[in-house]
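There is one chain below, alone, in structure tokens, taken in the form predicted on its own.
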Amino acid sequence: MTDVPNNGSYNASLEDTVWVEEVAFIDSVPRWIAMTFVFLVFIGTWQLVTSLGMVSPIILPTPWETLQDMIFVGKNLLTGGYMLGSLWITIKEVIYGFALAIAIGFSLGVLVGETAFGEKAVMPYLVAIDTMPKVAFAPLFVAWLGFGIESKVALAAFIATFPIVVGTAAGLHAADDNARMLFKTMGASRWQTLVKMKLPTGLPQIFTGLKIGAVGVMAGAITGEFLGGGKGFGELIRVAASQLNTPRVFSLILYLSFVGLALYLMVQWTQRRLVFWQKETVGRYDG
């Protein structure tokens, strides 16, 4: 007759057999501490490089010079100066371009993900277009649409569309075979299957494409202003660079990064509300 182990030894044997993932010290550091540390290291390295004269001040200003110019630009924006109008123009280009990219990208993504024709005939051309240098299209958009906001919106949408297409198509393929078979057995139509099963299941992948597009749409708008004129922040950066005013260039770029980050956070906030069942671990900015 075998002896039954006592509770103490039995629990100890369970602890020995259960696999527990060890968390490294660097992974247990709170996000705000890690971000502060990286920021201080970056600023310290920047200051060291400029203090030692390793880079000409014409090319790389000091952190303090950049901060002073950021304060100047911030005051101009708060007092309703000319920079506020330029920033608003760029924001409109980004918003309109992103909205256009969502409309086109989602439509093409559904076509590619839902039909064999889209996957076989349309997707190869989309990939071929995406591999082309998009900056080279800026003069074409200017020639077609003029020097106004339309050409910048078109280039911004052009850059942001492909990630949304890929994310939407991948999301529509995310549903497993059992769910597809269940809807087919229940007699659901193709439209009902798309709306009630494929789209809700594919929302995580769709929002991944949206977040990539939100990052790229700013680059499209600013590139259009560089090459096609305009009155936005891109034009201010171009003028400052031509005058070798690098602190102004750095400060304007940083303010544009705030706009891009705000758009990204907006998409992420929407994802959390709609895809509340998914625990996202990559690309979160929740502190």
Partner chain sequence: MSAVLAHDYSGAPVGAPVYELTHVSKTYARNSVIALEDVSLTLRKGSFTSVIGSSGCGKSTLLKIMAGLIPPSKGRVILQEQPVTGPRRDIGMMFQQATLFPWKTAVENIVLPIEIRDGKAAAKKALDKAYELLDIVGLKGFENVYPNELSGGMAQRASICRMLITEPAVLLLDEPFSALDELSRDMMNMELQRICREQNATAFLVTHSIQEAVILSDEIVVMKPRPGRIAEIVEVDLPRPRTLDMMTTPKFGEIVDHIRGQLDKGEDM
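Positions refer to the first chain, counted from 1. What you are looking at is a predicted structure, and each value in this text was computed from that prediction instead of being measured.
Separately, the form predicted together with the partner chain exists; it is not shown, and the next lines address it.
For the options F72, Y96, F183, W88, the one in contact with the partner chain in the model of the complex, meaning a heavy atom within 4.5 Å, is F183. In summary, among the residues L111, L77, M197, M123, the only one with a non-hydrogen atom within 4.5 Å of the partner chain in the model of the complex is M197. Of the candidate stretches 77 to 85, 153 to 161, 103 to 111, 174 to 182, only 174 to 182 has residues with heavy atoms within 4.5 Å of the partner chain in the model of the complex. Residue contact with the partner chain in the model of the complex: Q192 places a heavy atom within 4.5 Å of it. The partner chain is not shown here, and in the model of the complex it never comes within 4.5 Å of any heavy atom of P133. In the model of the complex, the partner chain sits within 4.5 Å of a heavy atom belonging to W277. Not displayed here, the partner chain is kept clear of L145 by more than 4.5 Å at the level of heavy atoms in the model of the complex.
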